[in-house]
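In the block that follows, a single chain appears as structure tokens, in the form predicted alone.
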């Protein structure tokens, strides 16, 4: 039985046996891993406090035949405010599910790890996470190699910006009016200003995005496109997305 040290962010936890937890960790050294935390559901166990969702920890892990074991853990940052604020918890859970769904086990990706850690720090501090989440979603898609095509027609590769009719999730990008008519695709409409904002968010620093005033209409418009595209790429329902959307609907002002 070998052992290794790692730094990781807990993406999710699940019940295992009578008193244990299985934690899914996004680690700097090993990529996404799963490990059992023995006794972590017992109130006095030393692993209780460090195995909460979103916790950033330094751990000692024993390799096992079927499942690794988290033997020791030191909390680096708890991210407790993300668990204490319902909306921020919903966004953080959404991000965690995206990472869990799209990242394979044991594939090291230091860029995604560092980007996720930075994103959680910004999410913890921002008063309104909507635009920050759009930027996070876009950048994560780019890291994964799933960039939506936003600057030309995904079919004919042509089309000035003014001739783009809308976004086709199944096609993975914008369609011009001619291609949209011939394909009969159901498109998500997007104002030119919203399309320009999407392009700008690719290169935006999350800290700078967090300081900008949030336009809920714009955030929701971008969300409709990205949620549909991500859902199609995932090829299965994403539970955290349904919960997040229910909160966003509840928060909308009456009459809007």
Partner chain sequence: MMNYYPKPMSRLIKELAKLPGIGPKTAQRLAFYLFELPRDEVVGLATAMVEAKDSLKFCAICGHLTDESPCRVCQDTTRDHHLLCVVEEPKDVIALEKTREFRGMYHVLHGALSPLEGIGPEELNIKQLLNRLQTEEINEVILACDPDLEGEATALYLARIIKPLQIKVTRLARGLPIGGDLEYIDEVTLGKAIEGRQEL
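Numbering follows the first chain given and starts at 1. The model shown is predicted, which means the values in this text are computed figures rather than measured ones.
The following text describes the form predicted together with its partner chain, which does not appear among the structures shown.
- Residues within 4.5 angstroms of its partner chain in the predicted complex, judged by any non-hydrogen atom, belong to 86 to 94 and to none of the other stretches in 102 to 110, 134 to 142, 86 to 94, 165 to 173.
- Residue 75 is the only one of 75, 178, 121, 149 with a heavy atom lying within 4.5 Å of its partner chain in the predicted complex.
- For the options 64, 39, 216, 49, the one in contact with its partner chain in the predicted complex, meaning a heavy atom within 4.5 Å, is 49.
- In the predicted complex, residue 233 stays away from its partner chain, with no heavy atom inside 4.5 Å.
- Although the partner is absent here, residue 23 is not a contact residue: none of its heavy atoms lies within 4.5 angstroms of its partner chain in the predicted complex.
- When contacts are judged by a 4.5 Å heavy atom cut-off, residue 247 counts as touching its partner chain in the predicted complex.
- Although the partner is absent from this view, residue 11 contacts its partner chain in the predicted complex, with a non-hydrogen atom inside 4.5 angstroms.
- Looking at its partner chain in the predicted complex, residues 5, 115 and 126 place no heavy atom within 4.5 Å of it.
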